[in-house]
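The data below hold one chain only, encoded as structure tokens and taken in the form predicted on its own.
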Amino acid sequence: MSDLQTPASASAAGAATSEAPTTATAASNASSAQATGGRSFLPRNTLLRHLLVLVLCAVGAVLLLESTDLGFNAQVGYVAFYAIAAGGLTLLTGLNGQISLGHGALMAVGGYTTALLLDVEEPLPLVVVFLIAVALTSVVGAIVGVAAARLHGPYLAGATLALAVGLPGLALHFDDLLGGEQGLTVSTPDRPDWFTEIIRTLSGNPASGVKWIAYISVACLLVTYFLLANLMRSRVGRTWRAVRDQEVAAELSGINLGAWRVVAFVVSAAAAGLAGAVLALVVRLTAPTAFTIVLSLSLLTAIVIGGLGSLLGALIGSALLVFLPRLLRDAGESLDMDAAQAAEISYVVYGVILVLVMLFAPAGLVGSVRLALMKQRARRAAGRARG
């Protein structure tokens, strides 16, 4: 039997350990049917359920982008690349238990690969460019995953922190190829005629370049979350939970801990590579300053706020990262503060909000809501048992 093949006993171990995980990830990993007492209007089949959610989210995204201005469309692009990377990171940290502070560097690999492939006279199709960026980042993730497979806790965080600090700096040493401190300007692909016709038919709005990039970003986000959601609910996801919750029991059941940790790191790196490619299109620039340790910490903040192990939590946390500071800054300017004061106050208030979330919702926003629903269900069940 291959080391990466999940034995039958591994499924039992995953099921057993998933019944008593840590509080934060237990609530986030619970399905909506479990949280609401087993009632769900969605199909029971996982693939069909996720397909239905994908279609509904796609319709909602179209309505959102067509009912808002170009400034909001651009912000949606920012949310998309944050959420793609955060989705991969929440799989790695929340589902497999590995802490990574180097996902900003992995995004740099995807971003620079995209910029180089688009900076030619006849660039490859955008889908092919994205696939190459994802593949190259996955290779880098595999190398890092193999090196860090035996590290845990602060040692793993320190190793990935070194990656986050060192890898973007390569652009300074290969400035002829990677542009040095100034970075590379990304040549965004022109919007096709069919896209212009579809947008004009749907809403009558002009199909600008910003809207085209926003639709590309949202499409990448939806496809990534669809694939990650199916993976997390599959036997692979159950094996990752077993590795996270009970290493000894998982190893005794035949699971190769190191191999499965590497697989989780590769999947997470692939998501980070796609996020970097989307970032390159949205920002239209790849430079070392865009991939600093601050980016990695922001991604970690997003998944902690939303709830470890939850894709919905990763999306909510990413949206808060983009919109909350801007909303606070606008509120400060409405109170007759100048732009500099409003920006400073916005980050102070933003930090206070983060601290409050950590104190009063330690399982994250999604995890805390699901945990409350599960407790309510347990109380109802206990009341029926006494009655």
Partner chain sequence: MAAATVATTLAACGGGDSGGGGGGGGSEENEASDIGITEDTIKLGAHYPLTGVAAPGYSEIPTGVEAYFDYVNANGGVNGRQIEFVYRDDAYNPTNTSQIVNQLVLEDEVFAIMSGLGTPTHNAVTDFLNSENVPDLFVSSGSRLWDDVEEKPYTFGWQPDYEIEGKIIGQYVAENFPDAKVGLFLQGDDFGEDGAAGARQYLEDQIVAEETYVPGNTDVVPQISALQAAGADLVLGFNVPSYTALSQLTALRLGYQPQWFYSNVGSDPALVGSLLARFSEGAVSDASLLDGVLTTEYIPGLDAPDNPWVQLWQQVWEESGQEGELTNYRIYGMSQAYTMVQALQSAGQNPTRDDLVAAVEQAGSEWEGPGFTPFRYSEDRHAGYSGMLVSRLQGEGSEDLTPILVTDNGDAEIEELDGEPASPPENGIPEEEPIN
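Positions refer to the first chain, counted from 1. Predicted, not measured: the structure shown is a model, and the values here were computed from it.
Not on display, but discussed next: the form predicted in complex with its partner chain.
- Partner proximity in the predicted complex, defined as non-hydrogen atoms within 4.5 angstroms of its partner chain, places exactly one of 231 to 239, 196 to 204, 183 to 191, 266 to 274 at the interface: 183 to 191.
- The closest heavy atom approach of D336 to its partner chain in the predicted complex falls outside 4.5 Å.
- The shortest heavy atom separation between V120 and its partner chain in the predicted complex exceeds 4.5 Å.
- Proximity of Y78 to its partner chain in the predicted complex falls within the 4.5 Å heavy atom cutoff.
- Its partner chain in the predicted complex is not approached by H50, whose heavy atoms all lie more than 4.5 angstroms from it.
- Of the candidates A290, V218, V134, V140, A290 is the one whose heavy atoms come within 4.5 Å of its partner chain in the predicted complex; the others do not.
- Of the residues given (A361, L70, C57, L64), L70 alone sits with a heavy atom within 4.5 Å of its partner chain in the predicted complex.
- Using a 4.5 Å cut-off on any heavy atom, the residues of 157 to 175 that reach its partner chain in the predicted complex are, in sequence order, L172, D175.
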